[in-house]
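In C-alpha cells, one chain follows: the form predicted alone.
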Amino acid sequence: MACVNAKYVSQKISKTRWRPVSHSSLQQPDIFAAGSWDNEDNKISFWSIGNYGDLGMEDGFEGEPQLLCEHKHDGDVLDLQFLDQDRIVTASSTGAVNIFRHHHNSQTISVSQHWPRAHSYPCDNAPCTGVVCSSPEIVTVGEDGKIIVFRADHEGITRVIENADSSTIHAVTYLRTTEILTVNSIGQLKLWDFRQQSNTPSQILSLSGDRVPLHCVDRHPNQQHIVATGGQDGMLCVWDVRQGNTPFSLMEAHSAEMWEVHFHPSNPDHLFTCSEDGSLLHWETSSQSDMPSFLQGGRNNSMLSRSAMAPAGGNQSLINTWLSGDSSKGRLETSHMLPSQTLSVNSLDVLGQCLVCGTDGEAIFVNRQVSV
C-alpha cells in the first residue's frame, strides 16, 4: 500500500488508460489519460507521474500524479483508448465517438475527429459503451446493439453491423487482427470475423443458467483463444473460445459488479479486476517452477498498449493455469491493491510495473511498483 499515490480530482473518474510506450526501450509508462462521468461538466485529461525537471517545475517531482491538460467532453466518458502516442478515442453517453490529440509541446488538447450520434435510436441518442483500436482502425459498440468500424484517417464510417445484438453490447476487444469479441447484457460473448460480409457472429458463447450481464472482457496477450470476462455478479470467468460454448473456469471475485478485467500485457500470469464494491484485485497464478512461463514467447509488436494487437507468441501447448480452474488448490493467489474503499473502482490499466485506477470517490490511484 505504501507505494500507492492518491490524487483527488473533484470528478468521478470513469476511465483511466496509460499512454503506450516503446517496447524496445523497456521504459515505464509516465503519462495516462482519464475520463469522467456523472459530473455537471465532464472532461478528458492527461496526467504525468514522471519527473518534472524538463518541464521547468521546481526540483522535479516524485509522488502524486500531476495534471498536464484537460478538455471538455460532451456526455459521460464511457470508454477511452489510446490510438497512438498522441491520440485517444472516447466513447460518449451521447452516442458520439471522438478522437482527441494531445499536443505535448504546448500541453493542450484538440479535437481531431468527431462522429456525432454514431450510435443512436430512431428518435434519440444511444450511449456508445465501448471502443477498441488497432490504428488506424477503430471499432465501437453501443446500447443500440450496433458495431461500427471507423478509420482514423477517414471522416466517414467504414462499416456498420446494424443489428449485431438485440441487447446492449457492453464491451469489445480484438481477438485477432480481423476478429473482435463482444460481450452483452444477457451474458453472451460473440465472435465477429470482419473478413466475412455476413452480419452474424461466427460464434456465440454464453453463461449457462441465469443470463447475467457481462460488463468487461480482455484477451490473453499471447494466447488469443483465452479470454477473461466479468459482470454483474462479480464473478471472474475464463473462457477458451476453441472449446465449448461455456466458461472454462468461474471464480468468485467481487461482491458487486465487476467493471474491468485486464491481463498484464507482458506478464499474463497476472490479472487485475476492479468493482463497484470498491476493491481492486491482483490475481497471480502461482505456477510451479517446472511449469514454463507464457512469457517465453514474448511479444514482437513495437508498442505496448491495451488496444495494440499482439501476435501469438508463446508455446500454444503450454498448460494455462487460467484454464485449470485450480483456484481452490492454491494455484491462484489474490491480493488487494487499494486501501479500504467504499465507492466504486470504475477503471484500471496496467503497463510495466505501473497501475492506475479511477473511482467514484473522485480519486485517481497510481501504483508504480506492481510486482509482476
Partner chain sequence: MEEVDVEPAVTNIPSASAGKHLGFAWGPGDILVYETLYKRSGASQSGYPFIHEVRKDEDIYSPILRKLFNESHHIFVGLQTIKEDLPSKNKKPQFVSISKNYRSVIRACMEELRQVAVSSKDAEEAMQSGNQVSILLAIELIWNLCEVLFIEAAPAGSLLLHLLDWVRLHKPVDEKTREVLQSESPAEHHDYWDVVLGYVLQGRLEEARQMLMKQATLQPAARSMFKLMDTLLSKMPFYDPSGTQTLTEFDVKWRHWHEEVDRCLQDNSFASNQHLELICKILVGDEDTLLEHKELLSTWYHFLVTRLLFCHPTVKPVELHFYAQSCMTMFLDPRSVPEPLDSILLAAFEFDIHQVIKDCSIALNNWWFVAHLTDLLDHCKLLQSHNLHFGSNLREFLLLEYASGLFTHHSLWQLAVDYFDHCPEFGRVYLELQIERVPLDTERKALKVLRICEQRQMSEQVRSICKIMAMRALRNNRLGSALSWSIRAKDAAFATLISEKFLQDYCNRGTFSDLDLIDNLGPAMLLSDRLTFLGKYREFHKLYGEKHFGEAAKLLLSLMTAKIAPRSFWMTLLTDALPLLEQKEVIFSAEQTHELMFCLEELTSSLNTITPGTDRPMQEEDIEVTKVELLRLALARNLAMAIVKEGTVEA
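Positions refer to the first chain, counted from 1. The structure presented is a predicted model; accordingly, all values stated were derived computationally and were not measured.
The protein also exists as the form predicted together with its partner chain; that form is not presented, and the subsequent description refers to it.
In the model of the complex, at least one heavy atom of Asp124 sits within 4.5 Å of a heavy atom of its partner chain.
Among residues of the shown chain, His282 is not one whose heavy atoms approach its partner chain to within 4.5 Å in the model of the complex. Put simply, Trp37 is close to its partner chain in the model of the complex: some heavy atom of it is within 4.5 Å. When contacts are judged by a 4.5 Å heavy atom cut-off, Thr342 counts as touching its partner chain in the model of the complex. For its partner chain in the model of the complex, the listed stretch (73 to 81, 219 to 227, 175 to 183, 110 to 118) containing residues with heavy atoms inside 4.5 Å is 73 to 81. A heavy atom within 4.5 Å of its partner chain in the model of the complex is found for exactly one of Arg151, Arg101, His270, Arg211: Arg211. In summary, among the residues Ser255, Asn199, Ser202, Thr246, the only one with a non-hydrogen atom within 4.5 Å of its partner chain in the model of the complex is Ser255. In the model of the complex, the residues of 356 to 372 lying within 4.5 Å of its partner chain by at least one heavy atom are, in order, Asp360, Gly361, Glu362.
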